[in-house]
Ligand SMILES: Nc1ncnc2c1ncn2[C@@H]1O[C@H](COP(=O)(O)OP(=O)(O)OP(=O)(O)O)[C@@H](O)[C@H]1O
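First, one chain by itself: the form predicted alone, in structure tokens.
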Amino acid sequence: MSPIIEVRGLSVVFDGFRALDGVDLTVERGELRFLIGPNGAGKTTLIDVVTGLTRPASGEVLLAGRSLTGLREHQIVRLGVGRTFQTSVVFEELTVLENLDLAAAFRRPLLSLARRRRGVSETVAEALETTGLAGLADRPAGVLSHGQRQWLEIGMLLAQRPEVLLLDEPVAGMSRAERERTGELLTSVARDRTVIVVEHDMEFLRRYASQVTVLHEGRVLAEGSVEEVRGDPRVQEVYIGRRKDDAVSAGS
């Protein structure tokens, strides 16, 4: 494998607060990488920088050796990086198929957008099949379940043919069955692409992550396999231990 995403010395400052402080990170092609850490650790900020939503104070991000630093969001998308947000963003009044077709149109020439589409493109058909939404293609997105909406959003990314998908808490609010289906979907997607997931669900992480990066106070605290990270005393102290303390507090 070879690196697809490289983060070098990345720092982000908001009104004097260092949200990221010299982060170094390398993600190989074909990885299903999970980013974890306490609230405020810098996970979403890191994704925001990779996708061009936030500008760093210093450092750079490379995609297959090409610097993304300073590029606009749409330029980064065209280079092959797609993301989802914590809140699903789909067009509720459009059908599942229309949402996917609209997403796929991002890569089509302007002239082709003026022509009436005939049939379903190969890219959209593959997205429907991969996400398991083919049977719902003609249903309005607004009637989908929470999990199905998340799968549609992932499908919309796939329709843009990205090399890297960045997903921010994709299983939040899902049922157990939906989480399992999502894990299977991400595993399938990672066979051909690189997937980076911000997640708090430790059971989901244990079942599906190939590599884990732990952030704490804007820095990389630990990195490795799920078992290596779980066995790191620093992680137990600042992340897993904190979650147990929160649970005790909530029950008292």
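For every residue, the number given is its place in the sequence shown, counted from 1. Quantities reported herein were computed from a predicted structural model and do not represent experimental measurements.
Unshown form predicted together with the named molecule; subsequent notes refer to it.
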Discussion item. Given the stretches 181-189, 64-72, 219-227, 31-39, which is the single one in contact with the named molecule in the model of the complex, using a heavy atom cutoff of 4.5 Å?
Written reply: 31-39
Practice prompt. Quick one: from 121, 130, 86, 95, grab the residue that has a heavy atom within 4.5 Å of the named molecule in the model of the complex.
Written response: 86
Discussion item. Is residue 101 near the named molecule? Define near as a heavy atom within 4.5 Å, in the model of the complex.
Written reply: no
Discussion item. So, residue 45 and the named molecule: in the model of the complex, are they within 4.5 Å at any heavy atom pair?
Written reply: yes
Item to complete: Check whether residue 206 has any heavy atom within 4.5 Å of a heavy atom of the named molecule in the model of the complex, and answer yes or no.
Response: no
Worksheet item: How about residue 235: is it within 4.5 Å of the named molecule in the model of the complex, going by heavy atoms?
Response: no
Worksheet item: Which residues, if any, of 200-234 lie within 4.5 Å of the named molecule in the model of the complex when only heavy atoms count?
Response: 200
